[in-house]
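Single chain ahead, written as structure tokens, the form predicted on its own.
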Amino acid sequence: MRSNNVLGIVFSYDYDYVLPELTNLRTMGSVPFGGRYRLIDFALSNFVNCGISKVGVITKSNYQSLMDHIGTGKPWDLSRKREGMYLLPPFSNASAAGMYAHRIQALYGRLGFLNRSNEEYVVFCDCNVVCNIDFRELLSAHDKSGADITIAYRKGMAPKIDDTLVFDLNAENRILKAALKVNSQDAVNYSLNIYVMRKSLLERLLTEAVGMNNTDFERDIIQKNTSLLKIYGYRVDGFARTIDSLMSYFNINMELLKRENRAALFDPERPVYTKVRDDMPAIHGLGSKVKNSLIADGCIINGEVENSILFRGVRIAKNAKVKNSIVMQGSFVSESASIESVIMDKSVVITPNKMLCGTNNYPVYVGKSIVI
């Protein structure tokens, strides 16, 4: 299967509800991650690293920051005269209100875009999965198995999301049974919501689903067709994490403080691209102390930072202490202030001598532009 014969689709908004603190003013795809990235960067990079050059980004609401981030797609080499990136806003005949109610409606509302695309296959995914997958291997596995649909999955504890698919597979990785809403304390095979199929099959399934007034993609298309279609799984063994809550967002970020996790996610052979923001290198003042932390460019540190992630332009004043925290772009921790187990959104200010403390099991979240 040639990569230039594959169309990529990214759902930038699905699962906004699992992270309401951070998606109140932005969509899931534009949630900051790892010191300099946005969540959509991983999906777009997975596409372009395997040669997929036409990508549609389906949006729903709060997508101004997403538009600012992805622009014309130049950082991912998707700013082209032909093909490239297509922003697909939520205004179509599929929804009189101009908003998609579910995934089937969102895809059906984009049938015009699908019909105009010459690619034979389509791959679509969400933005709440942090992974760096070689899509060439995924596409090759789909081709060799003769599958109608291939779904990337991971073995482990299933995320706490109601419509997560859990699979039973045979020795050839064919999915025999798919279940939803499984509450298990054991490791299971759960979907990463990365699907590969022929574009013609997707169009047929969508048309049938809308005709039957079906609304749930996982239940009404995948689960109901496990015995009628050849649906196979593709196991992902590398660093692949699903964000299902603020706690999981915090933990997945903190996993990057371990060298082996960074090496697994940021493979130099498959770079993760993002919007370039030229800035000065981070400045570490006299008497500053930094231990086991990720520090982005443009930061000015005169205090102490430990086990934390600092985004671009963060300032830590003299005698200030930051521990086990995520501090987003443009935030400021003032002199003699202290924070621990805190998630600070963009442009937050902690005034002098204030102390803010959460726990590793319950981090404190501070909203965008708030002054404490």
Partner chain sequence: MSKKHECIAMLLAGGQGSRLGILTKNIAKPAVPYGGKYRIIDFPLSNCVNSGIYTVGVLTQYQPLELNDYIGNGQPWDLDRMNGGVHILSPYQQIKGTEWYKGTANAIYQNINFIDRYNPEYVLILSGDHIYKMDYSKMIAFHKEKNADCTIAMLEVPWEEAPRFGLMLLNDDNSISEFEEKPKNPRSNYASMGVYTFTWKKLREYLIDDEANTHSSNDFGNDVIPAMHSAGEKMFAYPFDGYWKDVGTIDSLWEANLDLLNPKVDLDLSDESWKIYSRNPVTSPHYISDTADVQNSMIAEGTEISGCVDFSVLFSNVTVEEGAVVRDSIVMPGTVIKSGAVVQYAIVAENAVIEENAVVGQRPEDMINLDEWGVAVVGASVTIGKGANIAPKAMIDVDVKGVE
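Residue numbers count along the first chain shown, from 1. Please read these numbers as outputs of a predicted model, since none were measured by experiment.
Not on display, but discussed next: the form predicted in complex with the partner chain.
Undergrad: Pick from 168, 77, 208, 143: which has a non-hydrogen atom within 4.5 Å of the partner chain in the predicted complex?
TA: Selected option: 77.
Undergrad: Which residue, 157, 280, 201, 180, has a heavy atom that falls within 4.5 Å of the partner chain in the predicted complex?
TA: Only one listed residue qualifies here, and that residue is 280.
Undergrad: For the partner chain, considered in the predicted complex: do all three of 188, 218 and 230 come within 4.5 Å of it, counting heavy atoms only?
TA: Heavy-atom distance to the partner chain in the predicted complex: none of the three under 4.5 Å.
Undergrad: Is residue 136 a contact residue for the partner chain in the predicted complex, using a 4.5 Å heavy atom cut-off?
TA: Flag for residue 136 set to yes.
Undergrad: Even though the partner isn't displayed, in the predicted complex is residue 291 close enough to the partner chain, meaning a heavy atom within 4.5 Å?
TA: Heavy-atom contact with the partner chain at 4.5 Å: present for residue 291.
Undergrad: Can residue 48 be called a contact residue for the partner chain in the predicted complex at 4.5 Å between heavy atoms?
TA: Although the partner chain is absent here, residue 48 would touch it in the predicted complex, with heavy atoms inside 4.5 Å.
Undergrad: Can residue 315 be called a contact residue for the partner chain in the predicted complex at 4.5 Å between heavy atoms?
TA: Residue 315: contacts the partner chain in the predicted complex.
Undergrad: Which of 233-241, 124-132, 260-268, 158-166 has heavy atoms within 4.5 Å of the partner chain in the predicted complex?
TA: Answer to the contact question: 260-268.
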